[in-house]
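What follows is one chain in structure tokens, specifically the form predicted alone.
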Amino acid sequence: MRTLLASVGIAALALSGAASAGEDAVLSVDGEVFVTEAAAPDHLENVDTIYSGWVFRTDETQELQLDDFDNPSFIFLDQALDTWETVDGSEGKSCASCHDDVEDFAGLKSTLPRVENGELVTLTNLVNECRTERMGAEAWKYSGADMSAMTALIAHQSRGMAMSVAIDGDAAPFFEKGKELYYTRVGQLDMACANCHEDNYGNMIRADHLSQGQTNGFPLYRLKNAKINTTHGRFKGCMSNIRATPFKEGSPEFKALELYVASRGNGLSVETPAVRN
């Protein structure tokens, strides 16, 4: 497993507005600087610079991510390592039966979601395909404890690599659908993803410092619920917060939205498992 043994210099985070919303924070890990700020990908129309959610967090929350011994995510990754070796299903196989080492998945998280055989697939889809088609085991719940831990473990192998999600070719129609969803107002509060994460990032909403909603740290640990959280779980929570009826986790809508949102972070370093509020 890739490890993070850290020392870090953190610049002050100003909370007054988007122009001074922690853009100068630096995440330096064991001599390697993680990219938490980058020029926006060419396909973004309203944002010039992209920032990891890490720079919007308090010093105390940031520090939890700087040492794997302090990062509460690793309890769940250790559980996933045990599951990796556990035989399950009618074929008498474990994950390790087909995959020699989880480190072999380095680079996978940074390219997902992606299109395979005309279908947009997420890391969760790939895990469940292995379980049902190769292990003869039952599919895991999309954001269930086992799935959240396993996808965090697999995504962790890409930590430090640049997000690089394809949006052209076969992915283009899914990208356009996700973009449409990102800017569509829904719910009783009549809000879109963009209202918080594009128009108001860096501002305070109650006690929370709004970020750009980047997914480079997912699956991640949230202090709010003390567990690993998935991207679709977070989408569901956001929709509930604006009093809209959420799409189903794993739905075509959420997968398209995941593709679009992930592409907004192209160029940022994968941080999984990140720590957020």
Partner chain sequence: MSLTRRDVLVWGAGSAAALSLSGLPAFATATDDAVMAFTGGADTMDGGITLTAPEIAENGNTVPIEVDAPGAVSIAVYATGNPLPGVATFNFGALAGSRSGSTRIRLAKTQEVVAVAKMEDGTFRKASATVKVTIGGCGG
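Here the structure is a predicted model, which is why all the values come from computation and not from measurement. Positions refer to the first chain, counted from 1.
Not pictured, yet referred to below: the form predicted together with its partner chain.
- Residues with any non-hydrogen atom within 4.5 angstroms of its partner chain in the predicted bound form fall in just one of 162-170, 201-209, 149-157, 133-141: 201-209.
- Contact between E60 and its partner chain in the predicted bound form is found at the 4.5 Å heavy atom cutoff.
- Contact check for K236: every heavy atom lies farther than 4.5 Å from its partner chain in the predicted bound form.
- Taking the partner from the other structure, its partner chain in the predicted bound form has a heavy atom within 4.5 Å of a heavy atom of N241.
- When contacts are judged by a 4.5 Å heavy atom cut-off, L223 counts as touching its partner chain in the predicted bound form.
- Proximity to its partner chain in the predicted bound form, defined as a heavy atom within 4.5 Å, singles out one entry of A38, L64, V47, V26, which is L64.
- In summary, among the residues G89, G107, G187, P72, the only one with a non-hydrogen atom within 4.5 Å of its partner chain in the predicted bound form is P72.
- Taking its partner chain as it sits in the predicted bound form, the stretch 260-277 comes within 4.5 angstroms of it through a non-hydrogen atom at just one residue, N277.
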